[in-house]
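Read the single chain below, which is given as structure tokens and is the form predicted on its own.
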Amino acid sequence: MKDRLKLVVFLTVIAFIIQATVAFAQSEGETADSVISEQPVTPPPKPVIVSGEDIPNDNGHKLKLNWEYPAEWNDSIVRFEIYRADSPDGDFRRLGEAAGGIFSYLDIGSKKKDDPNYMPNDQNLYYRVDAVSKSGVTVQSEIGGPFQTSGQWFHKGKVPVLIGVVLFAIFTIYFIRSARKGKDLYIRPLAGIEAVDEAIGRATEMGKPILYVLGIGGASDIATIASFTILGRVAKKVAEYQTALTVPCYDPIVMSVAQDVVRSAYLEAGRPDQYSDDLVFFVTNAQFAYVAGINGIMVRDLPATNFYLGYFAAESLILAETGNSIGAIQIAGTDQITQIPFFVVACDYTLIGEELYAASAYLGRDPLLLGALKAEDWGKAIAMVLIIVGVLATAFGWDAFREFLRVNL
């Protein structure tokens, strides 16, 4: 009985102590809250818009906004929000934001009038910058402006490009005029082009046909256009030697153009009676079905010479390997860098990249093509000289000359 009484007294004392502790903590919390609430909250200062700078050497529609803010408040600012309007009393639209500690913003507007972000040139623009603190307080700057943007008709940093274009135009016009006057312009020899006559002659001696593949490009592709010129040269030689020619086409429009090219070549060679539209025919515009069709022609007709000149994709190695397996002389050329390795390993001669365009000038001897090719060669020569001079300037420490080349080129 005494033990139970002691236990009741002990629990009563413990409960009293806990109740007194909780009451004291609550009273202390209320006191602290009252003290905090009594302390005044100082709002952050307003940002001050300093300037709106038009970005030079562009078509306008770009402005760099700069503002100032006290350094002692940087840690308390989360971000700056930027707004723009067409008038001080207009509807300010939010453009974006800058992190705290960043005091500039590049406003890139749109040139389209129906775009919400449209920025007109040579018209007044007004800006506002809002500073948002960590406590969630937002203060607005005074309205900044008016600022304006304007476009320039010429980028002053592109003067070297302009000089290069003018020089190239002068070279091109000069060499075209020279070619038209009958001057013999030297064109660097290309092994693949030098072998064209040999390949045609071999097919003639063996009494086997010549296969000419224009690739899978359209009639507007540069590689296909260059291939048309080479086809004309090949067709003329074929007509003179009275050798069979086969031109399977991937595109119907390419087929029509190729027929006109071959017909003209036979007419120029004085053999219009030997021309037939069956020489140039449409196979299919399905890529691998087209390849299968050409491979079938190779296996059945066993041509002595294969030409692959134009735009090629994944079918390049399939064609070249099949032609290699039948022992044909193969001359390939394309401007597709990814396909050149396959032609190199499977063909006898390969025109790499721009050599395809040079081949059309080399064989066609057209003054326009020759002039452009010679101008390109001179441009490359000038570029090589500048590279060598730049290397020497770096090696011998000619800092002024090297800096001039770096800035202007």
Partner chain sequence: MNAGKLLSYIILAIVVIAFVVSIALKGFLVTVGAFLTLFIFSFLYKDNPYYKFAEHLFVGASAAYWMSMGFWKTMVPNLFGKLYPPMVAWAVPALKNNPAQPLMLIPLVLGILLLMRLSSKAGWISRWALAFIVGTTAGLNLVRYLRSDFIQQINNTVFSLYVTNASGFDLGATISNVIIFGGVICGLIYFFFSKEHKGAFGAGARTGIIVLMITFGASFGYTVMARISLLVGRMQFLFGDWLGMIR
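Small disclaimer: the values here were computed from a predicted structure and weren't measured. If you superpose the two forms and keep the largest set of C-alpha atoms that fall within 1.5 Å, you have the rigid core. Numbering follows the first chain given and starts at 1.
Below, we turn to the form predicted in complex with the partner chain, even though it does not appear here.
Remark: of stretches 237-245, 281-289, 201-209, 67-75, the one touching the partner chain in the model of the complex is 281-289 (heavy atom within 4.5 Å). Among S178, Q259, S133, Q148, the residue placing a heavy atom within 4.5 Å of the partner chain in the model of the complex is Q259. Not displayed here, the partner chain is kept clear of Q123 by more than 4.5 Å at the level of heavy atoms in the model of the complex.
Residue contact with the partner chain in the model of the complex: V50 places no heavy atom within 4.5 Å of it. For the chain shown alone, L363 is not a contact residue for the partner chain in the model of the complex, no non-hydrogen atom being within 4.5 angstroms. Taking the partner from elsewhere, S220 is found to have a heavy atom lying within 4.5 Å of the partner chain in the model of the complex. Along 311-325, these residues reach a heavy atom to within 4.5 Å of the partner chain in the model of the complex: A314, T322. When the rigid core is held fixed, the Cα atom of M384 travels 2 angstroms or more between the shown form and the other one.
The Cα-Cα distance between D184 and Y266 is lengthened by 3 Å or more in the model of the complex relative to the form shown here.
Shown here is a form in which the CA atoms of V165 and D221 lie at least 3 Å farther apart than they do in the model of the complex.
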